[in-house]
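Just the one chain here, laid out as structure tokens, in the form predicted alone.
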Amino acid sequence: MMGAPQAKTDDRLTGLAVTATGWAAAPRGDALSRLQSMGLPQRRDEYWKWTRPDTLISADVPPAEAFDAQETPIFGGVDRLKIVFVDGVFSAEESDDLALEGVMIERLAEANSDIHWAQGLYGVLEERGQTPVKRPLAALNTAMATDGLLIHVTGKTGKPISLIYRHVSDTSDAILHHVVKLDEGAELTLLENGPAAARFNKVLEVEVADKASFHHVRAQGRDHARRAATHIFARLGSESAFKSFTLTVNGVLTRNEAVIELTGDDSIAHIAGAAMGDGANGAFHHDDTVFVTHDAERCESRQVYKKVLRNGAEGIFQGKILVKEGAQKTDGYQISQSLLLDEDNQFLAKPELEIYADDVVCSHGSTTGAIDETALYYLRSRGVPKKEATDLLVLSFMAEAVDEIEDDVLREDIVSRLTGWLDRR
């Protein structure tokens, strides 16, 4: 018999209706039909067995702590175009002028014309990402997104676009959906940081045309929402590059999904993450679920994920490399590792390779363990105090993931956040 909480959730799904007009009405309606057909995620689903989906979809969401405005802002030393959302609502007063050479930026909530460039992308990559694994929360986002940005990059932008999510209410919901289209040869760096609401569901769809480059650095910090589900869907053209890095520091429950398609020859996709969690203050559960498809020749992909866990924290990694028939000369690399700072933590990993081409180089690996006592002894024997020695070894462990950030300034800012977490613990 279905329990009361699940029945309440199903009632909410049945009652959903698309209210959008103009070009977005059709893709939103299609997404809602997909969602109602597939249903909400269940614990018995293969890719949800280690993360309870009811904690993300329940109608009864625990309140989240509001953002501490005194926190030193990340990326503060970077010259960037700042776009601020407060509890999922665009704040014109706190945002910069949206004009930037080489890019056109519009709000999803205001793009209501009958014809728009985004109608060929909005929900399209999300729908493609539903095969072979169903992703109901992404379909829910496409159908019901309250706002987001439509970013069309026509050239090389002079500075990064920085999306800042501020959270001031403990009851608000946010469903944000961003679409980024990069024309041939275009370049963009997109930064994201902060929470948005007590329950946060965000989708980012990125179309990278031939010879275009997209760089993405995201920080989910101490101020992160209590419950969060994020999705990245990307499609790459020939000789293009997609590189994404996510830092997660604490937060109660976070599930980050990424679905990347390499559809043009000689394209590159790197996706990485560093998570540091302390389960002492209630809980820390962090889930990275990644699916990379090679569907062209001579393409390269890297998945690099590192987690540092303490005080009963839980880390999840589910990563797959699919090499389709004809995707010869594929170079696919995947590594997931955890460092357990005490004995109460748990790291669960499911690395996968599925290969239908015969001329490829693919590898995957997953390890978990404690601090290297030999290395710790070596540092301490040379006068380094135990805490500082431990911190150095933790930063060294994280280095492979953090090094995926190409920009020196952004990389140093991320390292400073990791160092700050170690200082506070």
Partner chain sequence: MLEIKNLHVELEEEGKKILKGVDLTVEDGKVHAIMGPNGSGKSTLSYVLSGRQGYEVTDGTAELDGADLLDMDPEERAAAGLFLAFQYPVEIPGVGNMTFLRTAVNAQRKARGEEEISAADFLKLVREKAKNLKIDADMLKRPVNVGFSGGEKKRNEILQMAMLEPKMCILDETDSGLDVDAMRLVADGVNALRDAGRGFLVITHYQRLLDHIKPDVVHIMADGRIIKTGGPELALEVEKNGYADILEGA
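Residue numbers count along the first chain shown, from 1. What you see is a predicted model; the values in this text were computed from it and never measured.
One more form of this protein exists, namely the form predicted together with the partner chain; it is left out here, but the text below deals with it.
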Check: Pick from 43 to 51, 25 to 33, 370 to 378, 352 to 360: which stretch has non-hydrogen atoms within 4.5 Å of the partner chain in the model of the complex?
Finding: 370 to 378
Check: Do Met38 and the partner chain come within 4.5 Å of each other in the model of the complex, heavy atoms counted?
Finding: no
Checklist line | is_contact(Gly365, the partner chain) in the model of the complex, heavy atom dist at most 4.5 Å | finding: no
Next item on the list: Quick one: name the residues from 378 to 395 with any non-hydrogen atom within 4.5 angstroms of the partner chain in the model of the complex.
Entry: Tyr378, Leu379, Arg380, Ser381, Arg382, Gly383, Val384, Pro385, Lys386, Glu388, Leu392, Leu393
